[in-house]
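Quick heads-up: it's one chain on its own, the form predicted alone, in structure tokens.
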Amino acid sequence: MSSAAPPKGAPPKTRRARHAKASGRGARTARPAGLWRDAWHDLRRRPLFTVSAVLIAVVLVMAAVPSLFTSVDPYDAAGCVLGDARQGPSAAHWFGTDNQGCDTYARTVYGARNSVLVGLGTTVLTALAGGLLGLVAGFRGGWLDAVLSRVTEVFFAIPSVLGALLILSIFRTGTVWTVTLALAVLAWPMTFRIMRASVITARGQDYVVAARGLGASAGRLMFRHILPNAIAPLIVVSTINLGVFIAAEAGLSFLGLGVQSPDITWGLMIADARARFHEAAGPLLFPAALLSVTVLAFIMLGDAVRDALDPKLR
């Protein structure tokens, strides 16, 4: 049977008309391209991003809900049997036991929380302090920029270990929050310089000049036009710094300057196990291995984000 003929006077559905209709519908539903959308599309295709994101997700879940990974509470003294000290890995103790007879696997799992908290807290503080000061200094320039730049040079001249020792000696106690504050005080100049340089580059762009010519206020220029286009380097550095701060906390705890017992961190576990390393290597090797994997995962993630946000590397 033949198809029904179109009504008289009706325009024929030509191929060009159908193509124009489809093109118009696609134009209405197409989502505009942008830096962040392109970066996310690029990240999803990078194996380096996938591997690092999975590792970081596991560590974050371990830090947030350690009971999902072990039923043993390392803070319960009843779970430590001195007669079982320095045993090797077994079905009852996957990573063996430490010098006090405590389960090394449970302590490693619970130690992730304090180590990650120090890294996250220090990263947030340095990104906020250094980022905001760098934004203002780069946008304003003049004497304010000169003063802040000289202040950062003073902090860069202070040795990290000596500065941390001085700050932590003021508090007279090593907790997660005092270590976080000590690291943030020493590390914010780095994010300040990176943000300042990015803002100085962005403030001379045509879109900023046009917005200033249209009467945009200083606050609108900084936070609406400059900040979204200058924050990418800060995100990359903060991602890498998160792993660096976790390693720094472990170093301070290893030296006896960081988090103190009865809190548990990977650095503190390594420090406690080094004296009997030849008798029982597990209490040192397992937290050290998890520390290394975590730091490496954040560095890998930062490298992947950097490559995705830089159009020249695509």
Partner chain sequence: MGRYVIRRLLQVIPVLLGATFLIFSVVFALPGDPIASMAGDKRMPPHIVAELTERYHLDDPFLVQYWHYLSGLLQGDFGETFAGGGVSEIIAGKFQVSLNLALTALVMETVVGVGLGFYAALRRGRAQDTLVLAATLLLISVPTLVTGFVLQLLLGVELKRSTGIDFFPISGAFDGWRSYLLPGFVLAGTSIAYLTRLTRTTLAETLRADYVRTAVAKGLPRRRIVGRHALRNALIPVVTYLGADLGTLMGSAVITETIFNLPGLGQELFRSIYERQQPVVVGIVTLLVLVYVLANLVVDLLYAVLDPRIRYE
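Positions refer to the first chain, counted from 1. These numbers were taken from a predicted model, which means no experiment stands behind them.
Note that the form predicted together with the partner chain isn't included here; everything after this is about it.
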E153 near the partner chain in the model of the complex, any heavy atom under 4.5 Å? yes
Close approach of L257 to the partner chain in the model of the complex, 4.5 Å, heavy atom: yes
Is P159 close enough to touch the partner chain in the model of the complex, meaning at least one heavy atom pair within 4.5 Å? yes
R274: touches the partner chain in the model of the complex, heavy atom cutoff 4.5 angstroms: yes
Note: exactly one of A146, L166, L128, V209 sits with a heavy atom within 4.5 Å of the partner chain in the model of the complex, namely L166
I have V58, P89 and D98 flagged as a candidate spot, so tell me whether each of them has a non-hydrogen atom within 4.5 Å of the partner chain in the model of the complex. no
Check each residue of 268-297 against the partner chain in the model of the complex and list those with a heavy atom within 4.5 Å, in sequence order. I270, R274, F277, H278, A281, L284, L285, A288, L291, S292, V295, L296
